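Single chain ahead, written as structure tokens, the form predicted alone.
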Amino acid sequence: MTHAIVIGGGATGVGVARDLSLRGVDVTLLERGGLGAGTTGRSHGVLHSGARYAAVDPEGAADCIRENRILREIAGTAVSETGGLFVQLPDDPNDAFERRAAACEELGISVERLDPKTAREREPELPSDVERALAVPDGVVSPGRLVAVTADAARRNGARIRTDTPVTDVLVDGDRVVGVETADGRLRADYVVNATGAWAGEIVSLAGIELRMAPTKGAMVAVSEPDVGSVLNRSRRPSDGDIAVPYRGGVVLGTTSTPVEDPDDVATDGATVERLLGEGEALLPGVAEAPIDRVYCGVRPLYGGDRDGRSAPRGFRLLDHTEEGRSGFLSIVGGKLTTHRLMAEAVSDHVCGVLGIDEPCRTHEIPLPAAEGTRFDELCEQFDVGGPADETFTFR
């Protein structure tokens, strides 16, 4: 049987393991710690509708709305259908609002224009000077639940999920990658997938090649009030502190974009926290004085763009390393939590094409079996799932 190794146990990695195992591939997933411990477990948890990107990246926005609809169907209670609002305040440009609305309509993303009274009826915590709002089908994902039930589905299909198993070397024979080495020994494979996100450059360096990532970290502040039901966005160009994400009992304020050299650099500082609270105050008056539950950072697996991170493409890239003399080896970089399933489909299509496996993707039509059950805590414990976002996004 064809054997593939997937390195990385975030949403994309477990998604690849599930997809390949459904196509009959013998899969082993290796994660250096617990599942979802990297970028996935440190996200703001938004299930994007695509509205945030519609005017500047229509292709990426189209991916988001497609995957948004699929995850609502297959992911059960790992998703909360909160809805979202893009809120225009006095300092926000009129043209940004209209461009976003028009772009959404062109892409088939449902939108509803709300006057100030209706917007505040829907979200009473909005400021009195709100000028209008655009309702869109955003939602919230519990990253830990999503990773756990996806890994469980892969395991049910025969995949082996190995946590606390860091890869220490990539095995190369001539111009082909033939496996990996861990503390437990060598593991050979017909194909190796590098799904380590912001750490992708470190893994490819073990194979003697270079991958220039451009990771940026984003800080988030979870506060225990106010009680908000929708994902709230400022209607302006993406910038620091322009989003508020509801969770049980409060909101997560985010986010920032700071270049980092080391993807393990997830430290933040008081000035960043104060900036996020200050920006959040304009969107939710009084939030700057709310009790802080936790502060955390996540590192985006960006590839390309300038070093401030805001202009780096938010789409994903599949990088086959054959041209660099390392066949049987690819890296998947970029992307978002919302599009992890699509990323996994692209990887699996490519791997199966190389290996001569003629099986279609079915992950978009098969519900995640544990997603409607009550086994989340059990599965999270089994897979050692745990991160700041996982502690935050447990729904009512």
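Because the structure is a prediction, the values reported are computed rather than measured. Just count from 1 along the sequence shown to find any residue number.
One more form of this protein exists, namely the form predicted in complex with a small molecule; it is left out here, but the text below deals with it.
Heavy atom within 4.5 Å of the small molecule in the predicted complex: which of Gly298, Gly144, Gly84, Gly280 fits that? Just give me the one.
-> Contact residue from the list: Gly298.
Would you please decide whether Leu337 lies within 4.5 angstroms of the small molecule in the predicted complex, comparing each non-hydrogen atom pair?
-> Yes - in the predicted complex, heavy atoms of Leu337 and the small molecule come within 4.5 Å of each other.
Distance check, Trp199 to the small molecule in the predicted complex, heavy atom within 4.5 Å = Although the small molecule is absent here, Trp199 would touch it in the predicted complex, with heavy atoms inside 4.5 Å.
Determine whether any heavy atom of Ser43 comes within 4.5 Å of a heavy atom of the small molecule in the predicted complex, and answer yes or no.
-> Yes.
Could you confirm whether Leu342 comes within 4.5 Å of the small molecule in the predicted complex, counting heavy atoms only?
-> Judged by the heavy-atom cut-off of 4.5 Å, Leu342 is well away from the small molecule in the predicted complex.
Exactly one stretch in 355-363, 55-63, 30-38, 323-331 has heavy atoms within 4.5 Å of the small molecule in the predicted complex; which is it?
-> Stretch with heavy atoms near the partner: 30-38.
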